[in-house]
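Two forms of a single protein chain come next, each set out by itself as structure tokens; they are called structure 1 and structure 2.
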Structure 1
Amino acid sequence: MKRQNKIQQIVLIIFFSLLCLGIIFPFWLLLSASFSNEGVITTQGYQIWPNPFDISAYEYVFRNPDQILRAYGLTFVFSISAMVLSVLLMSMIAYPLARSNLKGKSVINFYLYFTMLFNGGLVPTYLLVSRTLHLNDTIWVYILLGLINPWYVFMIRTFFKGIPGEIVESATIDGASEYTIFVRMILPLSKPVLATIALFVFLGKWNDWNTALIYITKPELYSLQYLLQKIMEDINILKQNQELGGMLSVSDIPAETVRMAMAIIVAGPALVVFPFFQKYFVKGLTVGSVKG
């Protein structure tokens, strides 16, 4: 029996090692390509090790470091701000919906569900944001748009329902107000779901380029994603002009390596942030198994 268990453990170790390798290898290939020479990639394709080692792609991206750093700082600020506000507002909506004594709960649930299926459309939204609220060309357009996601509200509400009602009842008997119960008891017990939603919101805001495309005209308010997209568009225009003019080789412009370098630049903060949320994911799985 022990021998059989040992064989099963070895098989599992091999399986998950191969799975991890399959996940890490594409990222490593991406990292290697970002430090490779454009001509080598064009002629020989992607390599596991960059040969020769070339940082021209990063030099091209950071040729104007002030602009990149400003976009980094702006994106980080509005991503964090939107994450905190979004989680706070959605949890405040989900808490009363999780209570059984809320009147009109079915109407509110239907209203939230209806917004998941239908929206006003791009043109009415643009007119509301730019003409009525005057949020265009401000950092608030990044923060305030999309703060409430009905799907996330339902996720938080479901988790709140799983918290034993006796906790709320005992706190009510002790004289605690609804705000005290919500802030000091419900939110600390809901760290797994709140951390998960916070990460989703942060990644959604961090990867947002569409907002800048529609509402931002000032270069100093470009988000990181949109700025990198503009850099890529400039490279494509240069390549097209070179192909038409025939003066220089297309491989002189690091188009492919710049694309890989931009992917590394964008993915960096997400890779740094994720480990801080990982323990809450594990805790959430543990809590779910105990409740089940």
Structure 2
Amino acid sequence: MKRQNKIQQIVLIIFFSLLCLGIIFPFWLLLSASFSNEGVITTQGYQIWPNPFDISAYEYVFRNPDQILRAYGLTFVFSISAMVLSVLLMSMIAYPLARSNLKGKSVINFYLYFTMLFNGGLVPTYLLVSRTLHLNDTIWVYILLGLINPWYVFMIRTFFKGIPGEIVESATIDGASEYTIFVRMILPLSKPVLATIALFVFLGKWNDWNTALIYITKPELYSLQYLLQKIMEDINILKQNQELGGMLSVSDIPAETVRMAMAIIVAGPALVVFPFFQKYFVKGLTVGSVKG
């Protein structure tokens, strides 16, 4: 029986090792393609192992790094701003909702909840944001859209509810205002959930490409992911021209390797950083109960 268990464990470990290799493999393919030689790719296709090892794609990208650095900077700035603002504002509404005796609480709950059920859709939102508020082609469109996510609000509220009422009660008796209680006690006690939500918000903003797709036309305001998306599109356009006209030469741009190098430059840092925060993401899922 014991030996059987051991064999089972070994089989499981082999199974998961293979599965994980399969999951990680596409990352490796990108990496390998980005370090390949453009000429070799055009004759033999992308290589699983770059031979010869060639960094000219990266040289090409970093010869003129302004665009990518700007996109990195911009994306970082709006992701951090949105994260801080969003967590603060969502806590501000979650706290009153966590107090069992507040009048009109259910109205506010429904007010938030309804936005999860029904929305105006793309065109009315677009008209509001760009024609009325004129947020298009500004950094604000990245920050202000989706600041309040009802789902996250309810998660924060659920956590707040778990904080013992005596803490609030004793502070009130000591004459503390609700603001003081919120800032000095509730927020510090809720670090785990706030960190989790902050990461969710940050990840969402960092990976945001469709806000730019709809609202941004100025190249200097492209978010990182949208820049990557544009590069894919633009090289596609180059290729189509080449096929149609037969005259245009794209051979001076190592198009295939540059594209893959860009994907690595964009994905790399996130790939290294986010797994460190994995436990928060997992916690966010298993905190689970959103009801109330």
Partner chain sequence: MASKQNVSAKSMTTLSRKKRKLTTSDWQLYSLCLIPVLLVFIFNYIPMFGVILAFKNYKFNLGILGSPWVGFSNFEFFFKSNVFTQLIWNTISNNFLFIVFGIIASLIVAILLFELKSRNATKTFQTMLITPHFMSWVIVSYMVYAILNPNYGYLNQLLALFGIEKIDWYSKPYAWPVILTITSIWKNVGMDSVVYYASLMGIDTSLFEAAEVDGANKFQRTIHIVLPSLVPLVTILTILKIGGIFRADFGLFYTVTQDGASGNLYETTNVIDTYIFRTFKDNATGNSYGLTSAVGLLQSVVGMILVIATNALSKKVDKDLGLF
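Everything numeric here is computed off the predicted structure, so don't read it as measured data. Basically, rigid core = biggest C-alpha set you can superpose within 1.5 Å across the two forms. Quick note, the numbers are simply positions in structure 1, starting from 1.
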(message) Quick check on the two chains I just loaded: which one is the form predicted alone, 1 or 2?
(response) 1
(message) At a 2 Å cut-off on C-alpha positions, does Asp66 qualify as shifted between the two structures after fitting the rigid core?
(response) no
(message) For a quick test of reading the superposition: does Tyr226 move by 2 Å or more at the CA between the two structures, rigid core aligned?
(response) no
(request) Mind pulling the C-alpha shift for Trp49 between the two structures, with the rigid core superposed, in Å? (result) 5.7
(message) Rigid core superposed, I'd like the Cα shift of Gly268 between the two structures in Å.
(response) 3.7
